[in-house]
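One chain comes next, on its own, written out as structure tokens in the form predicted alone.
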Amino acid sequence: MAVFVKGKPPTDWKLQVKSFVRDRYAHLAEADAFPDGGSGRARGAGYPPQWLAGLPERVSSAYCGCGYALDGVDLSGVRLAVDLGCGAGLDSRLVAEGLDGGWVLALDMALPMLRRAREATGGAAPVRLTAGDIEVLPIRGDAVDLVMANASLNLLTDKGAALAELWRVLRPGGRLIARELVREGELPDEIAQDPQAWNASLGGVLEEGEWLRLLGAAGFSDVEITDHRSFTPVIAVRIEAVKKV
């Protein structure tokens, strides 16, 4: 479907959605317009309280995830972790501090957000910042030990293509750990058909069964969707999957 704007050429709907998402997150970073209470939401999600307390308020308050993805995750042996849609860099910093000799690739398509992530990671942690699209990852195959995402996969217009990319870049035995949003039943038309709803993390929310189908079609095994928590008007969950060959 193309969208026609007076005085401008038609724009592909998927490109328009991506533009809305990129512009929204660029604005959040540039204007420091993150929703109030980010630090408190991070504590409520389960982030280590002492770790959060040691961060600058400007860093912890930029939390925009839908849960704590790293709870109980064993980082031993992880040489390369990728943080998809890294946002302001909270998860990238946390993982980097837990690695023993490995490093983190923090990927986001909004350049101002990458600048915030650089600020969050202090420039000294083993974090490399990269601008990129999750649906076309700038990473060679079979290279990644851990892929993580926090409320970023729902923003994608082609989730099947993105999951195929995640499977491609993970090494055999590599893991996907994500916090994501799911819905029960159909979204109202005013949300489902509005490209701008996607940048508010609602337009692209899938049902749990659709995630299971897409992950299986991409080749993932041992798929688990757990820790269901209300995230009105949808539900926040934890998604885990393994690449087995």
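In this text, all values refer to a predicted model and were calculated from it rather than measured experimentally. Residue numbers here begin at 1 and follow the sequence given.
This next part talks about the form predicted together with a small molecule, which is not shown.
Asks: Would you kindly say which of 110, 96, 144, 120 lies with a heavy atom within 4.5 Å of the small molecule in the model of the complex?
Replies: Result of the distance check: 110.
Asks: Please identify the residue among 176, 62, 215, 205 with any heavy atom within 4.5 Å of the small molecule in the model of the complex.
Replies: Only one listed residue qualifies here, and that residue is 62.
Asks: Tell me the stretch among 71-79, 154-162, 98-106, 167-175 that has any heavy atom within 4.5 angstroms of the small molecule in the model of the complex.
Replies: Selected range: 154-162.
Asks: How about residue 134 - does it come within 4.5 Å of the small molecule in the model of the complex, if we only consider non-hydrogen atoms?
Replies: Output for residue 134 is yes: heavy atoms within 4.5 Å of the small molecule.
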